[in-house]
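Just the one chain here, laid out as structure tokens, in the form predicted on its own.
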Amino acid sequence: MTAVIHTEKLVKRFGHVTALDGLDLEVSEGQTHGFLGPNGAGKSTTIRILLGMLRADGGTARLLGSDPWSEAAELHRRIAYVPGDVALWPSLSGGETIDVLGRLRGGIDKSKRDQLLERFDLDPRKKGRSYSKGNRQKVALVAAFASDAELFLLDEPTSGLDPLMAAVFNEVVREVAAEGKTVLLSSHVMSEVEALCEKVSIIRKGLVVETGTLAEMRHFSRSEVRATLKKPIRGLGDHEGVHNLKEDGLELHFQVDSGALDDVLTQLAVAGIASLTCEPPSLEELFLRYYGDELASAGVPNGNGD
């Protein structure tokens, strides 16, 4: 598949601080790609380099096959960007702002704009200075999704939105993806990324430390098992693939490594299973695999008892 975003050994420094330390990222055409990491990991710096707002100190970056620094003006007609904290022209109404942004991209679909205004419950007549943070986000989202952009760069786009509007956002992203458009979604909302993204890259200290589909990445973590047995079982806690076993009579709760799942389920079947739930690791658990040490140093448990 064609790479819409490609970075290789990307480096960016701010004085003595290294924000990106050899970052490799690839997003294929038509893909909705999640970009995960805490504040300071380098997500926004990466996106600003892709937008041509910052110049990299090393490595290469290509956006839609072009150099985002030297060809920014042409590229901006083909992309839509929504930051996590939108600033509007205070004297322009929301509708005027949407139209201005649309003209910068060569035009806007007015029918689509009107539909999005209704779906996001946004009054376009109000001045920018009067909008709340959530409504400023809506202005940017309507302007982005009403355009005919090929690529959507979304950096914490649902910041300030209530759950209902966040659900509308999810619907619109799915529609954009169904049209074959490409989306890079940087978010702290794990459920949002898990619901929308085909592929995920986890960034830590300026490096992508893991990338792949959720199915590909889940083998790195443990599944959660709850079972009620028909008779007692012995030796389960001695299995090297079983962790944090808790027993309450015939009721069991534990985590199991993916590679040990078949063997452990066979042991449970021998004891007789009255009920069983087995849940694969969530994206949040995969994410904590890389940041668990930092949470531990801050005195925050990682949820797996480690």
Partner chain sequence: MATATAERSRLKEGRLGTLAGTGKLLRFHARRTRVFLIGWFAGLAGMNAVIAASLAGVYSDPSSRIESTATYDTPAIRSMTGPGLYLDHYGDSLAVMYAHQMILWSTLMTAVMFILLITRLTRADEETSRLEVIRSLPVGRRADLAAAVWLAVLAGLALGLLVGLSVLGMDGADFGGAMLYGLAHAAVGITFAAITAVAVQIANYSSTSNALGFSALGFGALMSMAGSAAEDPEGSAALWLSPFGWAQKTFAFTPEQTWTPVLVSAVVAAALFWLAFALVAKRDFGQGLRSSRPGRSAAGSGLSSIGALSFRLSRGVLWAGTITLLLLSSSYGAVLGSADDFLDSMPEAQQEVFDQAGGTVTESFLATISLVDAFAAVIFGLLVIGRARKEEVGGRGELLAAGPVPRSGWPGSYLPIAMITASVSVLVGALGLATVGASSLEDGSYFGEILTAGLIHLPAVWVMVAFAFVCLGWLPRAGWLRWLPLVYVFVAGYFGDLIDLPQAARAVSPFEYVPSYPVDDLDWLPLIVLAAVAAALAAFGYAGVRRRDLQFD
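Source: prediction; values computed, not measured. Numbering follows the first chain given and starts at 1.
There is another form of this protein, the form predicted in complex with its partner chain, and it is not shown here; the text below is about that form.
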Revision key, fill the gap. Heavy atom within 4.5 Å of its partner chain in the predicted bound form, from candidates 132, 191, 111, 91, belongs to 91
Study note, to complete from the structure: The listed residue (218, 205, 127, 226) that reaches within 4.5 Å of its partner chain in the predicted bound form by any heavy atom is 127
Point to revise | Answer range among 206-214, 193-201, 70-78, 170-178 for contact with its partner chain, defined in the predicted bound form as heavy atoms within 4.5 Å | key: 70-78
**Study point:** Triple contact flag 230, 235 and 274 to its partner chain in the predicted bound form, non-hydrogen atom at 4.5 angstroms
**Key:** no
Check your understanding: Does its partner chain come within 4.5 Å of any heavy atom of residue 52 in the predicted bound form?
Key -> yes
Point to revise | residue 119, heavy atom within 4.5 angstroms of its partner chain in the predicted bound form | key: no
Exercise for review: Answer yes if any heavy atom of residue 100 is within 4.5 Å of a heavy atom of its partner chain in the predicted bound form; otherwise answer no.
Suggested key: yes
Check your understanding: For residue 48, is any heavy atom within 4.5 Å of its partner chain in the predicted bound form, or not?
Key -> yes
Practice item. For the heavy atom contacts within 4.5 Å of its partner chain in the predicted bound form, list the residues of 253-283 involved, in sequence order. Key: none
